[in-house]
Each structure stands twice: as structure tokens, then as C-alpha cells.
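One chain comes next, on its own, written out as C-alpha cells in the form predicted alone.
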Amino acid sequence: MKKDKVNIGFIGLGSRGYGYLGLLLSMPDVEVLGVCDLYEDRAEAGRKLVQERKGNNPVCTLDYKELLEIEEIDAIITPSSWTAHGEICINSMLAGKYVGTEVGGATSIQQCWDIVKTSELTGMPCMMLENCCYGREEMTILNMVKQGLFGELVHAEGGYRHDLRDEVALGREKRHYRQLNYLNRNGEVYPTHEIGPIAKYLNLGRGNRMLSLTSTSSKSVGINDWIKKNKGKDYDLYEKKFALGDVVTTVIKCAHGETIVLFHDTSLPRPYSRGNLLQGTNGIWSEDKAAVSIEGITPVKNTWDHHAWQPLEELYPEYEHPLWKQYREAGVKAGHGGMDYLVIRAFITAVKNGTDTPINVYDTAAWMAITTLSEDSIAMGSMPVAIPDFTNGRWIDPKPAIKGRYCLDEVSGESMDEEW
């Protein structure tokens, strides 16, 4: 039965969570009945924001399980710390709630299996809120892929390349969980911004899957160097060794022969980049160049070189994804260029309609698993490790995709939700 409104419990109110909460409160078909954070001031800030925007006084707690006891709550959204996601997802589904989890890797393969088995047992969906799947450029490329413009896909790359030295070094002061992860873990700790869109290009989980990976880590000096340059010798982390390599490179092999390369690069000075690249038998896309080169489409500029780049901007009139055409006409909302709003709307629409989510529990588990598998590979000298099939063979003959505006498995102009 379709719902007119969705009641949300919100867990995790750091800077990312507070921004997400603001977007939710701008939606007329959403009510937030409860907020939670481990820090009392953050929880109270969330309560005040709900009261200011919506007029109701939500339950405000430091114990997220109190929200799971509220029968009227339909769904939980959790932008909590990476190591908390799994437990919150599992307990939310056991309480009969849809769950949307912020991005981040898993701490163990067992955790990924527990998430999958709980979803199958309860029938409750678990969606990773991977906003990059709904970026304008990524969705335009998805549209072009589904139309066959790249031919048969062969290779993809992506990364999280972002100077986070101050955020990590000052993690205690900023009350940010990255620092503890960087001090203790060495792997691809943040894989989903890149693997999410790539998974949809390569039909992972729907006729294809990841088979194995190898990961290699560079030395770890960037964060400590920043501390030495910016903090005094009395600072207790002045000589501290961080476990996470400054650049982690992960290579993935897929069932039908495609290769994927992921980069995690956040401990050295550099401009932001996700470094997306996609190659097929008919052409190539480079996000860093904001351009494509596709046989039969890209103009030939001279007779001796048929391989020129064409700005992607020139192809938007014909190939922009229908969702983004509708979105721009309605007025793009805030949040990383608009994609934050879209991924939340995708989740809310599934809850309203009682359907599975466009990023399903098998996607969520497989993308999260890359983190812990990369740690294993690095610990064993970059040995290859197998990637579990969380679908237990269902990827060979998957269920039909849930059609609609937010579908990522096929492209449709139809709308299941008129709200923006």
C-alpha cells in the first residue's frame, strides 16, 4: 500500500548527517520522528532543526535503539561512523524498518553476510545512499552505456582522491571517526563513490559480478608530515605512525572479464578528483577531462588522428539522463551538486511505494566488502582474495529491475514519484 508520508528516524548528526537532515526536512512528504547521536549537543541540534523546520518535537536520544521501538517510524537513515553502520542496519531491519546507510566500508565479511541474511529474513531493504550514482555526469554516462554507445565494456577506473590531511590529523578535535580508522587500518577504506557508478555500468549483481581483488598500499607519511608541519612537538601524535597507506590501489576482476581499478588517495596534497574512466570497444570517458571519445559520434578533427576528445557538455542535449532533465526543469536542490537530494528521494520513493530500493542489499554488501577484502590482500603482500557472491547465484538470473525515475539498472523516463 502506497504511503502519502514517510516517517524517519535519523541516526548520526555530524556535519554530513546534519546536512542530510536538512535536505530531508525540505521534503513535504517526510516527517522526522526521532533523532540520535552519541554526542548530546549534536542530537539536540538535530532536534532543534526538526522543530524549526517541521514544527514537531522529535524524540531525541543518545541510544539509537530507542528509535527502533517507535512503531510509527517507517525507515531509518544513518550517516553514522563507518564501524557503526552494520550494527545499525541489522537492528533496524530486525525492527521492521527500511534502512538507508551512508557510504563506508565493512569491518568484516561476516558483517556483510549478516546484513544480507537479515534483509532476506525480514524482507526489509537496505540501501547504501551512494550519492555519486546520481551525479549528473555519472547518470549521463549510464544513459550512454545503456544505449550501447561505448560498445562492449572492458575496463573502468575510479577513486576517492581528496586532500583530507587536516580532517584526519585533527580527528579528535573535529570528533571525526576517520582518524581512528587511518591509525589502525590499511586498505581501501572508502570505495563506494567509485564502485557504485561502475557497478551499474557493468551490471554487477545483475548478470555480472566481482570475482577477486588485489590491493597494494604505498608508504604512510602524508598525515604525519602534515602534523609535523602544523602542530608542535608536544602534540601527542607528532611521531605517531598511521597504518593507512597514502595511496591504496585496488584491482578487481569481474566474471565476464572486465577489470576495475580503484584508488584511495587522501593523505597527500592534491586537488579533488574521483578520476572516473570507462573504456569499451567503441570509446572512452574520462571524468578528469570532462570528455568522451566515441567512434561515430566524436567529430574527427583531422585525417591522421581519429581519436579526439569531445567535451561531455556537448552531448548533454541528446544523452543527458531523463532524471536529470526532469530535475533541472524542476530546479536542482542542494547537496554535492544536487546528487545528495536525488539519492535520498530514491530511498524515500521506495519506502513510499513499498518496493525494493534501487541500490539493493546485495549491492550494499558487495560494495562494503571491498574495504575488508582489501585489508586482507594488503596484509598478505597484495595477494588476490576472492569476493563472495552475496546473491548466492541470483546474479545469473536476477529479478526484474524496479522501474521508475530513480532506477539505476535501466533507463526510463517514467515517474513513480511526482514529489521533488
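All residue numbers refer to positions in the sequence shown, first residue = 1. Everything quoted here is computed from the prediction, not taken from an experiment.
Another form, the form predicted in complex with another copy of the chain, is not on view; read the next lines as being about it.
Mapping the unseen interface onto this chain, residue 217 counts among the residues with a heavy atom inside 4.5 Å of another copy of the chain in the predicted bound form. Under a 4.5 angstroms non-hydrogen atom cutoff, another copy of the chain in the predicted bound form lacks residue 147 among its neighbouring residues. Under a 4.5 angstroms non-hydrogen atom cutoff, another copy of the chain in the predicted bound form lacks residue 61 among its neighbouring residues.
Another copy of the chain is not drawn, but in the predicted bound form it has no heavy atom within 4.5 Å of residue 83. Contact with another copy of the chain in the predicted bound form, judged by any heavy atom within 4.5 Å, is made by just one of 180, 284, 95, 315: 284. Contact with another copy of the chain in the predicted bound form, defined as a heavy atom within 4.5 Å, holds for exactly one of 136, 117, 176, 161, namely 161. With another copy of the chain omitted here, the record of contacts in the predicted bound form names 268-276 of 136-144, 120-128, 268-276, 84-92, defined by a heavy atom within 4.5 Å. For the three residues 157, 225 and 381, a heavy atom within 4.5 Å of another copy of the chain turns up in the predicted bound form in every case. Applying a 4.5 Å heavy atom cutoff to another copy of the chain in the predicted bound form picks out 152, 153, 154 from 136-154, in order along the sequence.
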